[in-house]
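For reference, the chain that follows is the form predicted alone, supplied as structure tokens.
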Amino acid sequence: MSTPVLEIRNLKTYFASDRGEVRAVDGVSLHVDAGETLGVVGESGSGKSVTSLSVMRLIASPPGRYADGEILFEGRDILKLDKAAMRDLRGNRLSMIFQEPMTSLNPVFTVGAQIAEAIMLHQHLPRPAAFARAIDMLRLVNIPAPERRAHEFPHQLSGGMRQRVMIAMALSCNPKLLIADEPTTALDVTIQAQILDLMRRLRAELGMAIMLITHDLGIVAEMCDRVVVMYGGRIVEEADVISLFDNPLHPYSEGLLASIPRIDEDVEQLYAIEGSVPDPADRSEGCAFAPRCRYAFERCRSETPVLSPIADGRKAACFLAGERLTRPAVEQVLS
């Protein structure tokens, strides 16, 4: 098998706080293969965004620190790179689209100048050539009248156009991996669909891999090849998308899928997972999901399950995962 574009091994990213050490990411291991889209899903506070920022080496220190683990990009551990080498990599072969484009773009520079800056830095082109490529990138992401839009400021563009500018900037240096952190947040459904279609088309044309951070399982079903489900700073399940939606092996994955509204069912109240996400500064023994799990038993409260292979490339961190392969889990919850 070929070497994954990205491989994370036992990553632990902790933050110092007045309440003690916050284990935002606590032993995450995953990989992204060339040309595939990996979805990373979970509630707010599950560690998705901190994982992506760790890959980009954008965790502020202090208060954050990489307590353990490796992040291998094209075989190199980026946690061991010096600042100059990381700057050369970030925005070049490794790019990221952030959640809110209005706060990610500089309001006092035109969008064309901001895209051109990245091109000049990494491709070493003179300013006129870099600006011309910036216009080409705006055209690639379907922004109308790109020659005019390149001279406009972020506040002059709609939310959907700003997100397209962020995508153009991220792709301007032909990255091998694009990390997209909630790329359709705060966009209406029509623009969301356009952005997702754009990302799917560009992946096919450019051959890049995508790590898609989201809480929207509909986007996962539409965009991803594989998915990892995070809870409490850890991965609780990993599977191909079809297998996960057909029969989730972890009770948390089951709850997420059961809570999706269904237009073909007449229900008075949507299913909801009781309780709330655990405090990352208060890690007790046992499974982090046990207080909210309808299947929890004594072992779950005293022993922490490890993410382990179950069958057909699937992994789950649940003592009952093997048994759950034989029954339609979501239907049992809804019954």
Partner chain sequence: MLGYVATRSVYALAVVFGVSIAVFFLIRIGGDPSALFLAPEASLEEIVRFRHQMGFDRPILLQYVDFLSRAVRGDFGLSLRYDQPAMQLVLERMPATLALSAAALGISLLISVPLAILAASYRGSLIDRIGLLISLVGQSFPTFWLAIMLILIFSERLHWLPPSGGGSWQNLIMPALALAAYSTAIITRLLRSSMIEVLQSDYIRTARGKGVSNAGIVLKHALRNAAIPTLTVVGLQVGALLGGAVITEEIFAYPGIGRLAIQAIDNRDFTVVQAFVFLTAVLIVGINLTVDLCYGLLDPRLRKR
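These figures come from a predicted structure and were not determined experimentally. Residue numbers count along the first chain shown, from 1.
What comes next is about the form predicted together with the partner chain, which is not displayed.
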item	value
Heavy atom distance at most 4.5 Å to the partner chain in the predicted bound form, all of 58, 100 and 107	yes
The partner chain contact in the predicted bound form: residue 78, any heavy atom under 4.5 Å	no
is_contact(residue 178, the partner chain) in the predicted bound form, heavy atom dist at most 4.5 Å	no
Residue 249: touches the partner chain in the predicted bound form, heavy atom cutoff 4.5 angstroms	no
Contact label in the predicted bound form: residue 245 to the partner chain, heavy atom within 4.5 Å	no
Contact segment among 148-156, 69-77, 222-230, 237-245, judged by heavy atoms lying within 4.5 Å of the partner chain in the predicted bound form	148-156
Among the candidates 53, 32, 288, 307, the residue which, in the predicted bound form, approaches the partner chain to within 4.5 Å (heavy atoms)	53
The single option of 118, 209, 217, 199 touching the partner chain in the predicted bound form, heavy atom within 4.5 Å	118
Residues within 4.5 Å of the partner chain in the predicted bound form, restricted to 188-208 and counted by heavy atom	none
